[in-house]
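We give structure tokens for two forms of one protein chain below, kept apart as structure 1 and structure 2.
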Structure 1
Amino acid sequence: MDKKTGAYLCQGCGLGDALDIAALEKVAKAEFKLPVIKTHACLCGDEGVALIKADLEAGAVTLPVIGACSPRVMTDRFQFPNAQVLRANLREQVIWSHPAGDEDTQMLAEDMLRMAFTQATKLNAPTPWKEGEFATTLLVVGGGYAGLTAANEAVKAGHDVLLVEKSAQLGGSARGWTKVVPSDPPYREPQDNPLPALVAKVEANKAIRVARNATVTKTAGMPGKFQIELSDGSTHLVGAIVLATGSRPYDATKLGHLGYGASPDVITNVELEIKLASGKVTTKNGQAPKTVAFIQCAGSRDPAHLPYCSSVCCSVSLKQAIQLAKADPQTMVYIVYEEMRTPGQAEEFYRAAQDAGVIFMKGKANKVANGAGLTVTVADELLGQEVPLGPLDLVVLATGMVPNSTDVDAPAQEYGAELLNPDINPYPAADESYKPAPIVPTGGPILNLQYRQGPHLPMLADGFADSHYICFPYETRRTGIYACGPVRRPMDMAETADDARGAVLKAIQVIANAAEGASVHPRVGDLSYPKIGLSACTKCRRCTVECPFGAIDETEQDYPVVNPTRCRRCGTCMGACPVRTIAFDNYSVDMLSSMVKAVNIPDEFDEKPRILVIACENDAYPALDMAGIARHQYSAFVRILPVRCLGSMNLLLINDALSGGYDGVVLMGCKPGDDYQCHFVKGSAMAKERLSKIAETLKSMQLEPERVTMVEASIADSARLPKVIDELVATFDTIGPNPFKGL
């Protein structure tokens, strides 16, 4: 079907009063020769919508371009079955941000339409990628509490599971524990360990195939089509992966300063669990200990060891202390702590331990000495003095947890090793007193991803494979692979169970979407995907290296190959490509460049500069909308081009803008760095990086480098951005008009 673009111009919300609608119609008619051009007093009303619908149904129009409000509103009204719609933002970003009836406001509106009509010529309906069979089985790696929960829950949702456990037994690190920290009300008594029942459930479930003594030797493919090879030589096709490899205790031999190794009666919390499981806690003399001290944060919250809080140690010590106190009420049990961390309902468990007679001493355990019994020297902050605590029969070190982000028994691999480096440094840069060395996990990869970027899941910080998004805790940089439990973040068993369920939901969600050729978060449902024109490709590898999600691999001939279901549709590849041979059906450098060029550039004697603002559509663009809602005014000389992500900004756009006579170019994107806010991870950082290389080009064009600048913009900048724009327009004004104007 031939593309027939129709123009629908709204006169409501003051548009009809503020703008010369007839002149806008003229743009559609004279310049773009559109077959259908209609105006209406309220396009979003039933009548207006019916108008567009009728034209679509009659085949008079295939692609309506609606000149009205922002594309962020009335989305449901302007949604038509099997039709794409384009919107020109004449309300929020034109008449609400600029004076009514003004010549410059009118010019802006006309350019907005030119950009939209031009976009229409370059827009194609995306054809989803649905090649071959899609698998629905889930691979769960790790047979501990997280993995068992994930496997069990996935089956309940109707999916088969392949559960891979490295050891000979299911159950993981908490398998042998007699009791666990309570998660059920009234939150006072240590609870029975749920693991034995869970293991039995999983083992009895025919939909779960358990591979023990097994590791993953290869993970190739993509969501919906992961090809898995296990150490037993078997191969499997799975749709998505849940990584539930858990954690291990911090190496206590590094805690010599807390007496570990000096006496068999200085033990870790995990070693105490083994004693508790044996039914009898004894010291080296074979006696039940009468005096026991727990030392909290043994290794945790210590820049020399684990800089983070291991989250569970306070509650675990409470549980163990209660168990000891209840076994023999005469036992004197002490917990030496710096901050007692029992968040939420766990506060009740703290009180339960106090009720059981456990004594809490706030302060640092400075020394553990082994003489006639053990003595812990505590800088007792509440008594305000140093206290020798002892003689003690047993000292328990509440050692923290280290995530199993790698297989410590497998050899490290050089290729892609940088993925194990922290992505961010969350610790205060200026603070010498708390400057942990970056934690880089050692050992080999767990999934052995056959990805161009390397075999590991990228780390966030401290060796955890976590998401950096507060709102989207499962969004990591490998689509279709969801980490849960303590491999993601230190967490207790109750939270781990919830986390496993969440990860399973994301896994079955990606399976469902991949089979439809649809993207997952954040451009959910997007059917487009990048296509690479190999004839022009120079094999420069920028796309394969820069893709934040590792979606692009390389063939043996070094050509890039896209794995569509790994792709999140940000367009970073398209922004990176120096020869512009990467394009989506509905989004391309050509499209953006044409839109840039569609703007009328007045000649220099008109004294009407034009500034191109390339704005991230998730943050900067809505902020500008909200500036309009608040009626903040700014210069009508700017032309705003929304992009999926600044990462998709190709330098060609800047080139085209400047050679086309724009007087300045402003990139508006999210905050990069340790607190990065780009929802495609590195988009704004990439744009910044690319921008740093443009100075050369500008020089060759004899242009001032100040003509191109980048502004960090957040969605809350609706009051700030108008000021920033006006200041920049003033700056460009002092630089003077672009000499390329009118060439």
Structure 2
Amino acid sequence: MDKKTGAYLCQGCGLGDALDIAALEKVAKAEFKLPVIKTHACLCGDEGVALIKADLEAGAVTLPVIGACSPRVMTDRFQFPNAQVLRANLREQVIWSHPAGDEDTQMLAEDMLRMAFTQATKLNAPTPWKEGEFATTLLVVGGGYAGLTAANEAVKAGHDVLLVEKSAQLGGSARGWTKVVPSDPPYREPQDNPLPALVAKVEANKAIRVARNATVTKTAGMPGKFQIELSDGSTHLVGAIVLATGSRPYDATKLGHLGYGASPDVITNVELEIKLASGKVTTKNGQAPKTVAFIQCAGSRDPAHLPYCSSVCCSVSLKQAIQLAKADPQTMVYIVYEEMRTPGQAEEFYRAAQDAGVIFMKGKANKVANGAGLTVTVADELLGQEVPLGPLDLVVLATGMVPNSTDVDAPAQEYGAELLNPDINPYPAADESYKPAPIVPTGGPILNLQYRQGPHLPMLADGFADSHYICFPYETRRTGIYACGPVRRPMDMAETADDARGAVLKAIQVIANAAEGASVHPRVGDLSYPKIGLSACTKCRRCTVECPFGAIDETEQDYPVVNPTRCRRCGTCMGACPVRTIAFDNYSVDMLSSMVKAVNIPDEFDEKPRILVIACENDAYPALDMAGIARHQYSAFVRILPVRCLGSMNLLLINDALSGGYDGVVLMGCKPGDDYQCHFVKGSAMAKERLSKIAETLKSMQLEPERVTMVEASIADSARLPKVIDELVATFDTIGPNPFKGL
């Protein structure tokens, strides 16, 4: 079907008063020869929507371009069946952030329309990838509490489950516990372990296939089409994967300063749990302990051991202390803590421990000595001095949780956080501060991914599965694979159950989206995917190396091959490609470049510079929208080009902008680094790396390097960015006009 673009201009929200609508119509008619150009007092109202809908149904228009409010609002009003819609942001980023009736404001509005109309000429309706059959079975790796909960919840949602457990029994580390931290009112008594009942429920469910004494030896494919091989030789096709391999206690042999190994009466919280489960807690002499001290943060929150808080240690110590105190009210129980972390309802549990007679001592345990009895030397914060606590019959070390991100029984493999083989990266980072520190896992890969970027899930420095912890906490950097439970972050059993449910819901979502050829977050529902022109491909491997999600593999001939349902449509591969041979149906370097060139560039004598702001659609663009909503004013000399991610910004785009006469280019996106904000993990970091390489290009063009800069922007920076823009415009004005103007 032929593409028929129509222009629909809104006069509401002050647009008709602030702008010359007739001049905007002239842009559509005289410059772009659009057959349908209509204005309305309120396009988002019922009449306005009906106006557009009628033209679509009549076939007069197939691609409406709406000049009105931001594309981030009224999305439900401007959605039409089987039609793409483009939006020119004339409200938030024009009339609400610039003076009404001003010449420069009018020029800005006209340029915004030119960019949108030009985008329409380059836009093609995406054809979703739907090849072959798509599986709906979930693979759950790990048969502990998290994995069992995930399997049970998936079946309740109508999906079959393959549950893989490496040991002979289900239940994991919680199998031997008698009591657990309370998760039900009144939150004051240890509760019975819910695990046995859950194991029985899973084992009785015919929709759950349990593979015991098994591991995953191979994971190939993509969401909807994961091909799984197990150590028992069986093969399976699954739609999504839930990783629920849990955690293990920190190695207490590294805590010699706390007496571990020097006395059998210095034990860990895990070892005490075993004693409690047996019904008999004794010391080395076979007697029940009469004085017991719990040492919190044993190895945790310590740069020499575990730098993070394991969060549940405090509650577990409270539970064990209450059990000891109630078993024998004559037992003196101490808890030595730096901070007692009992948020929410756990505060009631803390009060219950106080009522049971547990004595709390705020300070840091520096040393455990073994003499006539055990003595703990505590740096007491209240007294401001070291205090000996003893003699004690038993010392319990509250050791932290270490995620089972790798198969701890397999040989360790060294690899970088970004790549399995960092030395093959043809695009090394210019700023080492933005490269994650190398990680040395304690074992081999769990899933044995057959991915170009290696067999492991990318991990954070502490070994937890890497994800966008703010916006997409369950999603790992391998699409369709969701971590839950303590392998994702330290958590108790109640949190683990909720976490497992969340991971299953995300897994079900990706199964459904994959079958429709649609992406998952953050570009939920996007039907496009990268297409690579292999005839122009130079086999540079930048796309395979730089993809944040491992979506691109390589053939035996070293050509890139896209796994469409792994792709999250960020366009980082498009930005990486030096020959512009990677494009999406509805997003390409050619489209962006054409939009940049569509802007009218005044000559140097008009003294109206033009600054191109390439803005990330996830943070910078909405921040600029909110600046408009708050009526913050900034220079009308800027032209904002929204991009899916700064990672999709190709260096040739900057070259085209400067060659076309722009006086400066600003990349505006998320903060790069390990504590990233970037919705696509490392897109902004990649943009920063690429930007560092443009100095030589600018020099060859006889342009100042200061004409191109990068600004970090979060979605909360709406008040700051207008000031930043004005300062940059002043800087570019000092540099002077671009000598390429008018050429």
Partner chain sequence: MTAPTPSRTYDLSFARYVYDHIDGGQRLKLCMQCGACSGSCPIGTQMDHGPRKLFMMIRAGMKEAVLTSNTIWNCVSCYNCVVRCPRQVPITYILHDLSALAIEEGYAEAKKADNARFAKAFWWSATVFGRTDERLVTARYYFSSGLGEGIKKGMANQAIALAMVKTKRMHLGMPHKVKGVGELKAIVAKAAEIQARHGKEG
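Between two forms, the rigid core is defined as the largest C-alpha subset superposing within 1.5 Å. Here the structure is a predicted model, which is why all the values come from computation and not from measurement. Residue 1 is the first residue of structure 1, and the numbers go on in sequence order from there.
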(request) Just flag whichever of structures 1 and 2 is the form predicted in complex with the partner chain. (result) 1
(message) If the two forms are fitted on the core, does Gly664 show a Cα displacement reaching 2 angstroms between the two structures?
(response) yes
(request) With both forms fitted on the core, give yes or no for whether the Cα of Arg91 moves by 2 angstroms or more between the two structures. (result) yes
(message) With both forms fitted on the core, check whether the Cα of Asp526 differs by 2 Å or more between the two structures.
(response) no
(request) Having superposed the rigid core, state how many Å the Cα of Gln11 shifts between the two structures. (result) 4.4
(request) Would you look up how far the C-alpha of Val596 moves between the two structures when the rigid core is overlaid, in angstrom? (result) 2.3
